[in-house]
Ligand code: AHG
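Just one chain follows, in the form predicted alone, and it is written as structure tokens.
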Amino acid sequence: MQTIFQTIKDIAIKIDHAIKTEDLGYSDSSNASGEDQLKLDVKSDYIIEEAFKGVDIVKALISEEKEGVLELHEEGIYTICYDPLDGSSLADVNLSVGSIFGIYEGEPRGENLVASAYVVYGPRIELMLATKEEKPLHYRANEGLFNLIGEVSLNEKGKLNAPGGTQQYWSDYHKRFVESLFAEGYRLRYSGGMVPDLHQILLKGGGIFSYPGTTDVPKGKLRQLFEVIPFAFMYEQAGGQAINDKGMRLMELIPAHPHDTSPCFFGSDYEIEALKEAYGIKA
């Protein structure tokens, strides 16, 4: 596992360099979900693929930018599902973006996730690693080396509210829930990038990130294998909760297709329990 973590650190330095130096425009291709790809998406995906080709414990890769599974090493143990550059459309306006990695042993599904990681590319490069044995570990890069900052834990209650999805298409009960948090004094923190927003909630001690099912996208927009399950693991290890709109733990998701999506809510205990009440979810 440490080999995989070191590879992710090496990848982070290379992707950060690409963000700072390469063309920010669109490529001539689209990803497996039919979205136009930025050249940075393609480059980041290439960097990750090339890096893991040399790691023989990695059996296969599943990327947000590719259709299907890329088999690497028959003798490998782990399948790595990743979003090479989450929020890449924010790079041209110089906002933080990130990479997400879910490390699965066996069939890619929530119960088989053994570790997760994400990288934030902002004013500084930061990395969060989570395993089943400990709380998430926070690292910061300095001259190409990642220094450990410390463990990260969520408080029982936070102060930040990051509501995703187009408000025009929210349900009435979701609107009331979001408004109720603002009425309690919560602060809006939503950049349009999943990685920096969830990272901020973790480092600031708590709050909630919500991406509900909407009338135009009932099953949500965020992808289970690459985004939802890795962050669910991270939040649970930090002492928080991560559920869907039915109250099901996101770690119990069993994707039928690599690009399946899900409504998702990540947060401290107080906010998730308030969400359950607003959604009529019985314990």
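Residue numbers here begin at 1 and follow the sequence given. Since the model is a prediction, treat every value here as computed from it, not as a measurement.
Just so it is clear, the following notes concern the form predicted together with the ligand, a form of the same protein that is not shown.
A residue is said to contact a partner when one of its heavy atoms sits within 4.5 Å of a partner heavy atom; Gly192 meets this definition for the ligand in the model of the complex.
The ligand is not drawn, but in the model of the complex it has a heavy atom within 4.5 Å of Glu64. In the model of the complex, at least one heavy atom of Gly87 sits within 4.5 Å of a heavy atom of the ligand.
The shortest heavy atom separation between Gly205 and the ligand in the model of the complex exceeds 4.5 Å.
Of the candidates Val58, Leu222, Leu253, Ala242, Leu222 is the one whose heavy atoms come within 4.5 Å of the ligand in the model of the complex; the others do not. Proximity to the ligand in the model of the complex, defined as a heavy atom within 4.5 Å, holds among Tyr78, Tyr211, Phe146, Phe177 only for Tyr211.
Comparing 214 to 222, 46 to 54, 66 to 74, 245 to 253 against the ligand in the model of the complex, the single stretch with non-hydrogen atoms within 4.5 angstroms of it is 214 to 222.
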